[in-house]
Structures are given as structure tokens and as C-alpha cells.
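Structure 1 and structure 2 below are the same protein chain in two forms, each given by itself as C-alpha cells.
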Structure 1
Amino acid sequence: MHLWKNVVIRRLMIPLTWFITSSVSLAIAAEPPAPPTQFRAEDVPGDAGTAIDLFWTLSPDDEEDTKPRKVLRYVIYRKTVDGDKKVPSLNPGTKMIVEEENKFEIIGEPTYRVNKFRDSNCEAGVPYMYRIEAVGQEGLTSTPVELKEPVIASLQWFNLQRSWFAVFVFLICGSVILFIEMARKGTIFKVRKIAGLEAINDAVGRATEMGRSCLFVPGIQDINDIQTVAGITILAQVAETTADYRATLEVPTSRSLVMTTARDTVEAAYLAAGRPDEYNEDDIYYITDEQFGYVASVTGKMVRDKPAACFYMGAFYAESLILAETGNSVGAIQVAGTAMPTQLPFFVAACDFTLIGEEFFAASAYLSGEPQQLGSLKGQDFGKVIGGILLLAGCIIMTLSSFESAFESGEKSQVESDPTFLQSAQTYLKENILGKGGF
């Protein structure tokens, strides 16, 4: 009997407890979250009037560690505001149409603890009204919050955020052009010797003596990569030398457009050297766009033909070491040039000479010996001076400003004072020259 009673009580208690707990939890979850506050919008500066930034203060219920979360996400709505139709009409039918035309539409659902959103689907000059709601458990939404007034994205014809960038582009490009002009008018510029470039003639000479070919690899990128263009300009000089020495030059390429460009270049070089009849278009050929397929083919060729000189000039990736080590194993003199910082160590280790970064770009000017090309190198130097001065100034300002802050915090002044000159300079540098608008 006692046992039977116990079972009955238990059977009654379970649903009862379930009912009580669930109704309590329902009572807790049933509350919609508090709405976010201080909802505001700003036109994104320096754009074509296509974006508006929205900011808000998180809902008081959107707390860091509450479980279950009272706010799951925010929903942002937008509608266009038409000035003429906004006037309330007495005709109920018309009013309904207006409401239908300018209905709020969901444009984004940022997650909890997020307090900004960029609407980049705007049209310039159109006023938009935004609304935000916090969404809690069971899809319950807070009361909506709207902007106080519509916001308009405006089109800017000049991205003022990039003013400093424009100044530096103007200064550096201007100086390159200026020095080229000076060289054209007869100013002579002195350029230091680059060992790797001096070695090109020797390498071709050696190949001729040994009766073996020269191999020129113009990198694995297409002609839209400036490194490939720089490589092709060096190819022009190498081809002139091979034409002079009557050595064979082979150029396997990994891009079709590079093949056609290289053919034109080598043909012109042979013409300039007075040996157009020795130019053979089939020595410049396409293999494959696929990186390692290309490498397999070129290294296979190296092992079979044993070229006496290998030149690697262009953009390279992981294949650099495979190419250079194979070249080394067949005893070729190797000269490499690239602006890929990641591959430079491999070329330095495995090749006889390496043109590092800017040396590679300077090579065509150096090899051609044309004064106006040498002028462009001086322009580059001027750019370095500007860069150096900026770096130095930035470092000094930052260092002094950090000393100043340390000194201030040492004094433990609780009063908030205006930023000092150095602090303002630091902020200006960060926001305008180093920031998004700058570089």
C-alpha cells in the first residue's frame, strides 16, 4: 500500500514538476529583449555614395555571459523615403499604396554583441530610413528603433581620404619622370656595378665555348605581372648577347601571352644584333600553365640538354629551388632575379648570382645603358629618401609621444587634458597616412 502510494505521488509529481518548471522558464523566455539604443547612421566617406554605416549601443539585455542569451541577433530593416509621398493622405487607399511601396525590408542580421553594420547596397542621393530590432529567444523581438531622420549617401568625386596617397604618388612618379627628362637633356647619372648583371655576358660566353645552350625562364606568372615584364626586358638584353655570341637560347614559358611577347622581344633583339636569320621561333615555346607540370618539363629538359647558363628572371614560387638545384647539378652558371621575397633565399643559396628585389627592376635600365632609363633609377632613389624621412619622422614622433604618455601617467594626473602636439601628430599620422585612406 505504502509502495503504491509512493508510485502514485511520483507519477503525479513528475508532470507537475515539469509543468511548474516549464511554465517558469516560459515566463522567463517569454519576455522580449530590450531594444538597442542610440541608433545612428553615417554616410561612408570617400565612396561613390553606395554605402551607409549604422551604429547602435547594444541592448541592455545583450550581456556577455548570460545563458541562455536574451539577445540572439539584431535585425536591420531599410526603406526608401520618398519626400512627396510621405505627406499623409486623407485617402486611405493612397496611403496603403504608399506604405506598400516603401515597406521596410530586412537587409542584414548581425549577430549578438555586434554594434555596427555597413549597408553597401545604397544608391547615391536617395534618402533611406533604417530600423533595428533585437531578436531574443523564441523569435521575440524588441520594440523597433528607428533613425531620427533619413540618411542620404552622397557621391564624392575625389576620395579625400586618399589625399596623402595622391601626394606621394605624385611626388614619386613626378621625380621618376623628372629624372628621366634630366637624363634626356644630357645629365649623366652614375650607377653602381651589379655583379649579377656583369655575369650575364660571361655565362653566355661560356655556353658558346662549351657548345651548349642558354636557358631563360621568365617566371610562372602572366604578362600582367610587372615582374614578368621586367624579366622580358632582361630577356631582350640576354638575347642580344646570345645573338652576338651565336649561342642557342631557349625560352620555355608557362603562359601563352608570355610566349608571344618573348617571341617578339627575342626577334627584335636578333634583328638589332644584325642576325635576324639566326632567330628560331620554336626555341620559345609554351609548356603548361600548371606550376609543377611546367617545372617537371623544364628540369627534365635541363637534365637532358645540360645548358651551360640558366637565367631565372620573373615571378617564382615553390619551383625556384627545384629549378636552381637542378641547374646547379648539371653544372650551369646560374643568374636569378626576382621580386618575390619568399624565393630570394632559395635563389641566393643555389645560384651563382641573384638580383634582389629592386636590383631586378633596375637590371633592364642598367643593361640597356640608355641614359633615360638610368634616370628612372634616380627617381627610385628619391622615393627611398622620402620613405626614409617618413619612417624616421614617424618613429621619432611615436617614441617621443610614448615617453610623454609615460611621463604623464607617472604624474598620475586624473584630469583629462587636451592631447599634446605630439599626440595629435601621432593620431594624424595613424589616421591619414598609415590608415585606410593612406597606404
Structure 2
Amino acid sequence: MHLWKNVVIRRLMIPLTWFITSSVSLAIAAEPPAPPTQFRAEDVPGDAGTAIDLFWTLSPDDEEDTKPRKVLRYVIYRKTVDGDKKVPSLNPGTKMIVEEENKFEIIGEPTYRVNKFRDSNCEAGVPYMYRIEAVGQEGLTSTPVELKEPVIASLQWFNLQRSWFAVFVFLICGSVILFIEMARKGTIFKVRKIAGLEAINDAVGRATEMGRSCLFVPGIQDINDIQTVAGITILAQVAETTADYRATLEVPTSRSLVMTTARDTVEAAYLAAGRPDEYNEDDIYYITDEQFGYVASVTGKMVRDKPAACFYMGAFYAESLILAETGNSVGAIQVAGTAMPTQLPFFVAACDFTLIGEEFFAASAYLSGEPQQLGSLKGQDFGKVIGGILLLAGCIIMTLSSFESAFESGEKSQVESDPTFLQSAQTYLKENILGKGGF
């Protein structure tokens, strides 16, 4: 009898215990999370007055690793503060009716463990009020926390966070202007000799001895491409050399404007060489804008006429290998120059001389000798020197700082102290010179 009563009691206690436990768990889970604290807003510096940054300290329930989580996300509200707007009553003699104040609207819902948010949809000069709530299980929200006073996004004319960038721009642009003025006053700048340009005389001389023509291909882009402009500048030197040697120069083009520019350039070169009567504009002609139609025409003429010297100066694509291999098959001396990284390997493999990247642009300054181009070239070199010094200094500082940190971490009785010079330099380099810290 007693045994039967014990069994019955146990069977009744199990569901009762489960019910009590579930009720307690639901009661605990149903508690709203604690609100975040220290909610503040700041205008984003250096912008056009369209953004405001919001910061807060995480909810105490968000800092604990509990399962299930007590805080799932934060909800941020915003409203404009325009003051109370009043409208007249319909009944004369009565008081003014106060219009309902602007309501809060949701503008963002950052997830848990996030304590900042940027509102990028603001208007300059408009005061905004913000509110934040922590959202927990079952959609329960914490007590809302509002700002103590509205915040206004303002327009700044200068972004002081980019001050180091302004310094570099000033140094490089100033050096370009300085070197241009020095070149105009007669200062002679030393420019490293470029083998491909030194070979122009030999290539044209070989063509003259063999009684064959010289072929100049100014790329397949229009005259608004900087590589085409650089190629036309080199064409002026090639044309002047062919005029001195009385060799034939042919310039097939794939753009009508390039043809017109090339004709004027070659005519001026022949005039400067004192042989304007030997200039023939029919040797500079237009073929077609279609890429492989142009290449088929040029390579066909190369096979038929077998030029002794081929110059490829400009922007090229898939046709570069076809042109270079065809010129190589007819035994021509080939000089190429381009800034297209994907086509350089083909020119290097099939041509005798190749102007790689910056050499191609430096060639126009090297050949023309114009003060503007020489000054720009030297100014760019000065900028490269500054960049190289910063890169080297940054690598040294980061390396020594890592060694210093490893040495300090190996000491047993290490106590937190002020950052060392290297650590301060590392932080300044990352946050100010490379980052947005400004001065």
C-alpha cells in the first residue's frame, strides 16, 4: 500500500516539477534587457553635413555570454526637432492648437556587441534627436535612452582628417612647378638613357641601307588616350630621323583623329629637318576602327613590303602579339612601347627593344626636351622619392616595434607603462599618415 502511494506521488511530482521549472524559465526569459548607457552623438568631421555618429556603452546584459542571449540587437530611432508648430483653430476666439510633435522613426538596427552606428541620411543644419533601445528575447525592449540635447550635422569646408594627403599633394605639385620653371630658365636635367630610344637611329639607318621602309603603329586607341599622345611624341623623333636619312616612313592608323594628328606631327618634323618637299601625307593613312580588320591590313602590308624597322608605340590589346610576331618573321628591327601590363610580355618576347610602362611616358620628355615634360618628369621622380622614404621608414618602424613588443611580452614582471617612442611612431603612422587622424 505504501509502495503504491509512493509511485503515485512520484508520478504527480514529475509534471509539477516540470511545470514549475518551465514557468520560472519563461519568467526569466520574459525579462526585458537592461538599457545601454552613455548614449551620445557627434557630427562626422570633414564631411558635407550629411552624417552623424552615434556611440553608446553596451547593455550590461549584452556583455555577458548567456544562452539564450539576453540582447539580440539595438534599435535606433530618430526624429527632427523643429519646435512646436501651431495651426489656427477652426472656431474663432479659441486658443491655438499645438500640432503633434514629430514622431521617432527607426533608422537602424545594429546587432549585439556593436556600440556605434553612423546615420548617413542627414541634412545639414537640421537638429536631430535620437533614441536607442536594446531588444531581447520575444521582442522585449529595454527602457529607451534618449540624447540629452539635439545634435546638428554641419558642413565643413576642409577635411582636416586628410591633412597629410594635402601635404603630399602640395609637395609633389610644388616640385613639378618648381622643376618646370627651372627647365624654362635653362637648367639641364639628367635623364637616364633609354636603350629603345637610342636604337631609333640604328633602326632607321638600317632601313635606309636596305632600301626598305619604316613602319610606325601608334596603337589602336583614339587621340584622347594618354598612351597615344606619348606615341605621337615619339613619332615626331622617328619622323625627323627618317627625314635626315631620307628613308620612307609609313604610319597606318585606326582612328581618323590620330591620322590627322600624325600627319601634322610628321609634316612638322620634316620641316624642322629642312626637307619639307619629301613629306608625303599619303604615307600616313586611315584603315579602319575595327581591331582585327586593322591588324589584318597592317600585317598583310608587313608581309608584302617587309619593312626594315617597326615601331609600336601606344595602347595595344590582343593584336600586339600578331604585330610583333609578323615583324619578327620578316626580319625587322622592332622597338615597342606601351603601358598595358597584359601586352608587355608579348613585346618583350618578340621585339628587340621594349619601353616598359613609365619608360614609355618618360620617352616623350626624353626626346622632346620640352620644359613642361621634363619638369613633370622630375616632379614625379621627387614624389617617388618621398613615397620610397615613407615606405622604408614605415617598414623599419613596424619591424623594430614588433621586436620591442616581443621583448616586452617575454618579461615576466611586465607592468603597463607609457608607450615607447617606436610604439608612438607606429600608432601615428597608422592612424595619422595612413589613416584619418590628420595632424
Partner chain sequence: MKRTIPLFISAVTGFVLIGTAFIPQFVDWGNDAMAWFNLLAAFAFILGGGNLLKMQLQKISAQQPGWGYAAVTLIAFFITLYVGLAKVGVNPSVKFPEFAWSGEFQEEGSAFWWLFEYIFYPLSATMFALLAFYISSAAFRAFRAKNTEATILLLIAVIVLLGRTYAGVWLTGWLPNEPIIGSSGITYSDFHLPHLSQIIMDDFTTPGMRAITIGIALGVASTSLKVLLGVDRSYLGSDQEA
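By rigid core we mean the largest C-alpha set that fits within 1.5 Å across both forms. Residue 1 is the first residue of structure 1, and the numbers go on in sequence order from there. Just so we're clear, the structure is a prediction, and the values are computed from it rather than from any experiment.
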- [ ] Sort out for me whether 1 or 2 is the form predicted in complex with its partner chain.
- [x] 1
Open item on the list: If I superpose the two forms on their rigid core, does the C-alpha of Gly327 end up displaced by 2 Å or more between structures 1 and 2?
Closed with: no
Open item on the list: At a 2 Å cut-off on C-alpha positions, does Gly174 qualify as shifted between structures 1 and 2 after fitting the rigid core?
Closed with: yes
Task: Ala134 C-alpha relocation of at least 2 Å between structures 1 and 2, rigid core basis - done: yes
- [ ] Quote the shift of the Cα of Trp164 between structures 1 and 2 to one decimal place in Å, the two forms being superposed on the rigid core.
- [x] 6.9
Open item on the list: What does the CA of Ile152 shift by between structures 1 and 2 after fitting on the core? Give it in Å to one decimal.
Closed with: 12.3
